[in-house]
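Given as structure tokens, the chain that follows is alone and in the form predicted alone.
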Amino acid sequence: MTDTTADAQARSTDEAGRNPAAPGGARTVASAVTPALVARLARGITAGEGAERVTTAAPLTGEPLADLPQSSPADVEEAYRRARRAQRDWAALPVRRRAAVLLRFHDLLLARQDEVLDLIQAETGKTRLHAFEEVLAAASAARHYGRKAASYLRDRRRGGALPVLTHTLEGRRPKGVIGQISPWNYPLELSVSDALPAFAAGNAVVNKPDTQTALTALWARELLVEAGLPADVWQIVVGDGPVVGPAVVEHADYVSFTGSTRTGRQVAQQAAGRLVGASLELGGKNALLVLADADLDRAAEGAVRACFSSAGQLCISIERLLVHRSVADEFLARFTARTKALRLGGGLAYGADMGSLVSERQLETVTRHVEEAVKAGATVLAGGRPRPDLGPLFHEPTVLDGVTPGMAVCTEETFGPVVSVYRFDTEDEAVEIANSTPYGLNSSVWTKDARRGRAVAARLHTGTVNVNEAYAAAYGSVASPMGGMGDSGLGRRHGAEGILRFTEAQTVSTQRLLPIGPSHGLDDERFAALLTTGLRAMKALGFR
């Protein structure tokens, strides 16, 4: 028997959602997320008197978690009004003053991480270690933009129309108010890490987090205000996506969206109709390639993280394992053994390897994909079933072999702890399989030859590629852009692109001494001849 049996799971998590093996194991979701805490955080929602209310549930237990007011489209309009008024004064501050808020937030976040770790676990059902990944990512983004914003946003001298006579500067101006729609799966990271560069660039933000995970975003806003952000610069609205989401897009000067490809297309169409820009991080069907020369133990260990972090509810997690036929049996023996040994648990403490899914909808999709695949001939190598004995939304980490293109799990994003195995004979075949999807978000390559790994990576149609790592190496490189190709989205977060997307480029040119036009008695023909000679000279002298 393995540690995915009910008896083994009972050792790590009891029926009340406690972790008795860990210090403070008696703490529960109910004791960590109190009505007083919910009421305090809910005051950060822009919603009118008498607003309709909604109650969220804790995925780990199914019990009620938070009673929250819902914003109406009129509330969204009010949020934009407040944000626009506050944004003018915020943008007038020197960029280093704005960036200093991010650095103070960085320190506060690390010092008080236990508070938000409880909230993330309570709202998503993920393990504490996977919740900590969000703290790590948010702190890294705060540090990066806190240190680099002034450099990214500084005026830059550009070549003028006429050497010496034309002085040209490229400046960056804030868009105004950013409309941000963030998802439930990484509620701290995917709200804060996009909002921080927007703030550093001088913008205000109207954010609609998913209702299920609104407390985490509200906590982050409260901490940023404590760090020095004017309260009205970050407005949070909460409500049903089809109602509130379009209202957020309708008033935005730029849209930042993370979510499904289907909804992303709708957001893009609405933004385009208003002639405002948008960045979209959407779905993925990410592949991990195990080449013939890979270190199989290291690859198997990395693949477990790649496939089952946050119960697979991670946009950049792996759903397809592509393994060279010559090492497939050895690799799968190692990988399935590690998968079967994963400890499922829901306590508010470190120790469990994988937590719960977030909703009935996610559990239904995972269960359907697995059951349909098995019925059509796929083989379960590990896992394969829900675990209601642990909690209402637990599902075992699952490995499927013999998956064919006609199965939903082959082509559709599962967004859960399910991975399919495919064998290949040549690297060309592996690249072709990996690229045989309209998605292009993330991929992973495992080989002992780093140069070979980078060569294969360059052929993969994904926005990020990790060589000998699951996903964290590329995502954690916050100075480099992160985003998707194809149906995985538009635009990039992180690095220069991650902050410049929230700005308008402005060119300011000052002409000196002579105008760019006929002057000093030159007629049109002689002026044209003079400029023609000048253009030839500039090319000959190497001017760009």
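Note that the coordinates shown come from a computational prediction; the quantities given were computed from them, not determined experimentally. Numbering starts at 1 and runs along the sequence shown.
The following text describes the form predicted together with ligand NAD, which does not appear among the structures shown.
Practice task
Tell me, please, which stretch of 118 to 126, 424 to 432, 262 to 270, 73 to 81 lies within 4.5 angstroms of ligand NAD in the predicted bound form when heavy atoms are compared?
Solution key: It is 262 to 270 that comes within 4.5 Å of the partner.
Handout entry: Partner-contacting position among W184, W90, W219, F331 - heavy atom within 4.5 Å of ligand NAD in the predicted bound form
Key = Looking at W184, W90, W219, F331 one by one, just W184 meets the 4.5 Å heavy-atom criterion.
Exercise for the section: Only one of S310, T462, T258, S420 comes within 4.5 Å of ligand NAD in the predicted bound form by heavy atoms, so just point that one out. Expected result: Contact check passes for T258.
Problem - Non-hydrogen atom contact C315 with ligand NAD in the predicted bound form at 4.5 angstroms - result: C315: contacts ligand NAD in the predicted bound form.
Exercise for the section: Spell out, yes or no, whether the shortest heavy atom distance between L190 and ligand NAD in the predicted bound form is within 4.5 Å. Expected result: Answer yes; at least one heavy atom of L190 falls within 4.5 Å of ligand NAD in the predicted bound form.
Handout entry: Residue contact check: R361 to ligand NAD in the predicted bound form, 4.5 Å heavy atom
Key = Taking the distances in the predicted bound form, the answer for R361 is yes, it comes within 4.5 Å of ligand NAD.
Problem - Contact label in the predicted bound form: L224 to ligand NAD, heavy atom within 4.5 Å - result: Contact with ligand NAD, no.
Handout entry: Contact at G245, F415 and R493 by ligand NAD in the predicted bound form, all three, heavy atom at most 4.5 Å
Key = The answer is yes; G245, F415 and R493 each reach ligand NAD.
Practice task
Pull the contact list for 395 to 411: residues with a heavy atom within 4.5 Å of ligand NAD in the predicted bound form, in sequence order.
Solution key: Contacting residues: none.
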